[in-house]
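Take a look at this single chain in structure tokens; it is the form predicted alone.
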């Protein structure tokens, strides 16, 4: 992953959600320029709408960063280092010495079924794993380069093949992350300006000899549901379109994310969904299907010393918030070099799955908010245009004939006031306790819900309004 430019983590105390301040958001001129309930021009053809349909239904997926950098586990020659999957570049490590990690990489505890079943227990509907990150090492059996897990390690197995088979067995979609422009192992690719004298680069040579052949292999061997690109480097629009066309010819239903090229999202027919920044949600409803990718702790790859795991309350907030803005949540785990997803990751995922068993109908297949004004908006503060957050008391998702209110801070007086609805609310009930009484007060300018004294869920309770 690229490093986050402007982290937007919600500040939490226990299980209570606090609204981010305007200072936390700062000035925004890019993320919000793409969407909004009325500003988008997203008009897919029937074929494009059909291929994205499962993605919009899924809403929740698992991201996995796994590679030679997992062997480092946050250390280099016994010294603690930052960067994780970026350590090779950030620490300017000798590429020859980094390559030696392959001789010791032997994930004997890797079990594809265990990984897929953990994702399924979390309520996730798809997985995206790093088939090649920026270090250039392929985690699949590649004929295009011997620098891969089958040819260069004692493991001699193809984990991507095993994950594909496990996903097929258990009903999950498999997506493959591939760093197509940045490759620190290759002198002609973008990124390594410390190992190769002159750093002259020949991107066309690299693309033709390694990147495009490997993307072709991924499509032919594994038929992925998603090709998830990252940090496009020097790739031109023409090259991005060439890669997209090739992928769609080989896998007609494949989805491609907007990071295939730097700059603003390309849009249809080249790309199917946008991505916000790493650990950065869009601030408003986004008309184009999109995805928030985030971490369970502060790292993407496994680092032994990173114990700063996010509480389940924060993780669920990001899932709910993304869905309310028409987005998906791709939540990352970093397996160890042995192939283990450690318990701090697993326990949080299982807790999220427990919440989704009760409240999943308010996430899966849901559209975003019916109002669009609960997130806040831009305003002028000290003479500057800044994003001003609205109180984070609730979020809204929708299904035909239904509006779901995710109550994040249960009102002490039992009264929850919502903006007006044109349709008549005929019934209101809590998903967790359907028999609990929820009274409705509806007028031309607002809807008021009278809720039970206690929240049925300590993190987020969902009220379903039938229209």
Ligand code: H79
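Computed from a prediction, not measured in an experiment: that's the story for all the values here. Residue numbers count along the first chain shown, from 1.
Same protein, other form: the form predicted together with the ligand, not shown, and the subject of what follows.
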{"property": "Contact label in the model of the complex: residue 83 to the ligand, heavy atom within 4.5 Å", "result": "yes"}
{"property": "4.5 Å heavy atom contact, residue 59 and the ligand in the model of the complex", "result": "no"}
{"property": "Residue 230: touches the ligand in the model of the complex, heavy atom cutoff 4.5 angstroms", "result": "yes"}
{"property": "Non-hydrogen atom contact residue 177 with the ligand in the model of the complex at 4.5 angstroms", "result": "yes"}
{"property": "Heavy atom within 4.5 Å of the ligand in the model of the complex - residue from 259, 348, 325, 395", "result": "259"}
{"property": "Interface residue in the model of the complex among 117, 246, 220, 90, criterion: non-hydrogen atom within 4.5 angstroms of the ligand", "result": "90"}
{"property": "Partner-proximal stretch of 230-238, 97-105, 201-209, 311-319 relative to the ligand in the model of the complex, 4.5 angstroms, heavy atom", "result": "230-238"}
{"property": "Residues of 296-311 having any heavy atom within 4.5 Å of the ligand in the model of the complex, listed in sequence order", "result": "300"}
